[in-house]
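Coming up is one lone chain in C-alpha cells, specifically the form predicted alone.
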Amino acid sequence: MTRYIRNKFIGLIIVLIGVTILSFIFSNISSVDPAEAFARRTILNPTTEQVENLREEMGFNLPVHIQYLNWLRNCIKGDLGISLLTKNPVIYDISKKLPATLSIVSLAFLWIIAITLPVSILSALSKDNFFDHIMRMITIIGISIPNFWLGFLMLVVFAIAIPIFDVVAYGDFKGLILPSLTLAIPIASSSIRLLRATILSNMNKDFVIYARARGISRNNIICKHILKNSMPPMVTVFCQNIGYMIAGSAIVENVFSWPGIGRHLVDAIIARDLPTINACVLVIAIIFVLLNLFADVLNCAINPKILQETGGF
C-alpha cells in the first residue's frame, strides 16, 4: 500500500510540474504585455521608457525559462509573488477567495451525492419503466444545459419571478443554494447515467447470482454487493468532479457575483496579472491531484484487489 501511494504521489508531482509549465508558457505568449497593462492601470499615459522600466523591475524582460525557474524557486519558499491587480501578496488574496469557492463546491458535492445515489438505484431497479424513461430525459437535459444559462435561469425564476432568494446573497447559507445547485445539476445528471449503467452491469455478475441462490434478501444484495462493487469508478468520478467544479467555478461565480477563486482568476486574466494567474492555476491543480490521490487510496480501501492488480503491496 505504501509503495502504491508513493508511486501515485510521484506521478502527481510530475503532473503538477507539467501543469505549471504549461500555465506559465500560455500566460507569457499572450499578445497583451503585462508590464504595459500594469502601467496603464497605475500611470496616466505611460511612456515607452516607463513601461520598459516596469518590465525590467518585475522581471518580465528575462527569458521565459528563467522567469519560470525564479517563480518555481519562490513557490518552494512559499512566496507566490505580489498581485499586479490588488497589490497584495498573491497567497493572501487566494486565502480570502478560496473559502468562498470551497463553500459552494462542498454544498454542490452534497447535492450530487444526495441526488445521484437514490435516483441511480431506482432507475436501475426500474429499468425501462416509466420512472427510468423520465429520469433519462431529465438527465439528458441536465447534461446539455450550460452552467451560465442554468444560473441565469435560476436567478430569473427564484430571485425575480418567485423572489425566494436574493439576486446577490453572499454571506449566508441561503446564498449558497442557487450557485451550488447550478454547479451540481449537470454533474449529478451525468453521474446518474454512469452509476445506473454500472449497477446494471453488476446485477448479472456471478457473485450476485450466487448471493440470490443463498437466499440473501434483495436489499442486502444491492447494498452489500452491487453498490460496493459499483462504487470504485464512482469514487474516482466524484473526486474528479470536485476538482472540475473548483476549476470551472468561474462562470457560476460571475453569474451569482460570488467572490471566489474562479472569479478572481478571470479578473486576473483580464488584467494580465501573471503572478495571480500562475498561483491560481497551481492551487487548483494541487487540489485536483490531491483529490485524485485520495480517490485512489479510497478505492484501494473499498476494493483491495486493485492493489493486487497494480502490484502496489
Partner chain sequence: MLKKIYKNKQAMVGLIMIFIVLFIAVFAPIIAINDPEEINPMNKFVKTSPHYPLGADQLGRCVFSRLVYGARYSLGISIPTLFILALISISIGTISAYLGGRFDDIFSIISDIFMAFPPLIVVLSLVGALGQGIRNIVAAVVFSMWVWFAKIVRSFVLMEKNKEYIIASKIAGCSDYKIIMSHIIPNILPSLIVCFSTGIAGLMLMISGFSFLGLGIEAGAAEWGSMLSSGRAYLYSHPSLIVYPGICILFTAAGFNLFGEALRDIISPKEV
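Owing to the predicted nature of the structure, the values given are computational and were not obtained by experimental measurement. Positions refer to the first chain, counted from 1.
Only in words, not in the display: the form predicted in complex with its partner chain, which the text now covers.
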Only one of these stretches, 134-142, 72-80, 89-97, 103-111, has heavy atoms within 4.5 Å of its partner chain in the predicted complex; which one is it?
134-142
Contact with its partner chain in the predicted complex for residue 254, defined as at least one heavy atom pair within 4.5 Å: yes or no?
yes
Is it the case that residue 122, even though its partner is missing from this view, gets within 4.5 Å of its partner chain in the predicted complex, heavy atoms only?
no
Closest heavy atom of residue 197 to its partner chain in the predicted complex, within 4.5 Å or not?
yes
In the predicted complex, residue 62 touching its partner chain (heavy atom, 4.5 Å):
no
State yes only if every one of 26, 243 and 281 has a non-hydrogen atom within 4.5 Å of its partner chain in the predicted complex; otherwise state no.
yes
Contacts from 265-283 to its partner chain in the predicted complex (any heavy atom within 4.5 Å), listed N to C, are 265, 266, 269, 270, 272, 277, 281
